[in-house]
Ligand SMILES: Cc1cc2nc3c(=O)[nH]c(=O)nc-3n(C[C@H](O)[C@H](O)[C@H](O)COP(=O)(O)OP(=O)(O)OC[C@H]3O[C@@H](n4cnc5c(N)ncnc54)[C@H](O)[C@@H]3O)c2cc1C
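First, one chain by itself in structure tokens, the form predicted on its own.
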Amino acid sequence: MLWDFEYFEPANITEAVSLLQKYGDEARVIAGGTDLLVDMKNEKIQPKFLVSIMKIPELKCIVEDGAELSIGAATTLAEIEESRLIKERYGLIHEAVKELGTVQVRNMATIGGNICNAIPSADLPPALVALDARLKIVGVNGERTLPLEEFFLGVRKTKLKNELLKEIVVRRPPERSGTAFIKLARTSEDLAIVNVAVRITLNKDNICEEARIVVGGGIGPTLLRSREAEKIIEGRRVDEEIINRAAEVTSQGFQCRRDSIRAPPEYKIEVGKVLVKRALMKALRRVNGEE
């Protein structure tokens, strides 16, 4: 197969955004290329222009400022996995990264690519949404900020408009918070059948002040944050009965496709319910220092 495209290596964000604006839908951003090059090889897409962002230093960072963590879009998954800061203070991200692909993939793939590819089975977006992640996006008209959960429009569809994802910002979990990430896949290297990220924050009286329940995998065209299930937990003392109700409500929001190659809808609904329950129970144990 003959690939015919022009390749650019902009030195900074301004140059990259200018190229994306100039070439529009005919251009694609490339970083690690673990998804893009496969799609090109399989002729799913045939971009005329590739804009590499791997030599833009502003896009490779892991920095904490106060109670917020910023991760540059071109930061590799291996760099995130190896970060002591993330492992100690943002364990939910560390758990999700460890579940993603192989060592070789994590050495090349970037956090921005995992997000912007907009595949519902991606592992990092559920974990990031559970930490209230925001995206900083740059275009020719300047920078804008968008909650990650509002970024996805469907399978491989996002709100980017000839723009560049600059960085991802998450807030550190409050005191007395427990988090958990659980993934079910056919193999350890495969995309998720279902993945779940949760966070529970309790007050001194063990009443839940804040909850996040986010599910990915093939349960719909995008990930699902179940606000209805979160309301069941918030304001209450969390126990197994409450968690069972929240898991049931979460699964009712699934929109599974029947043509999935990984599992039928009935299976995803049942296993998703179980994973939500397990994740919430694990997060609760972690709040109480039991795990």
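Throughout, we count residues from 1 along the sequence that is shown. Everything numeric here is computed off the predicted structure, so don't read it as measured data.
Heads up, the form predicted together with the ligand isn't pictured, but that's what we're talking about next.
Undergrad: Is L164 one of the residues lying within 4.5 Å of the ligand in the model of the complex, judged by heavy atom distances?
TA: L164: yes, in contact with the ligand in the model of the complex.
Undergrad: I30: heavy atom within 4.5 Å of the ligand in the model of the complex?
TA: Result yes; I30 sits at the interface with the ligand in the model of the complex.
Undergrad: Check whether L146 has any heavy atom within 4.5 Å of a heavy atom of the ligand in the model of the complex, and answer yes or no.
TA: It does not: once the ligand is placed as it appears in the model of the complex, L146 has no heavy atom within 4.5 Å of it.
Undergrad: Quick one: does S121 come within 4.5 Å of the ligand in the model of the complex, counting heavy atoms only?
TA: Close contact exists here: in the model of the complex, S121 approaches the ligand to within 4.5 Å, heavy atoms only.
Undergrad: Scan V105, L153, I207, V140 and let me know which has any heavy atom within 4.5 Å of the ligand in the model of the complex.
TA: Contact check passes for V105.
Undergrad: Among the candidate residues L191, I182, L202, V169, which is the single one with a non-hydrogen atom no more than 4.5 Å from the ligand in the model of the complex?
TA: Only one option qualifies, and that one is L191.
Undergrad: Give a yes or no on whether each residue among V129, S177 and L280 has a heavy atom within 4.5 Å of the ligand in the model of the complex.
TA: Judged in the model of the complex, none of V129, S177 and L280 sits within 4.5 Å of the ligand.
Undergrad: Would you mind picking out the stretch of 82-90, 209-217, 112-120, 169-177 that comes within 4.5 angstroms of the ligand in the model of the complex, counting non-hydrogen atoms?
TA: Comparing against the ligand in the model of the complex, the contact stretch is 112-120.
Undergrad: Relative to the ligand in the model of the complex, which residues of 58-83 have a heavy atom no more than 4.5 Å away?
TA: If the 4.5 Å heavy-atom criterion is applied to the ligand in the model of the complex, 58-83 yields A73, L77.
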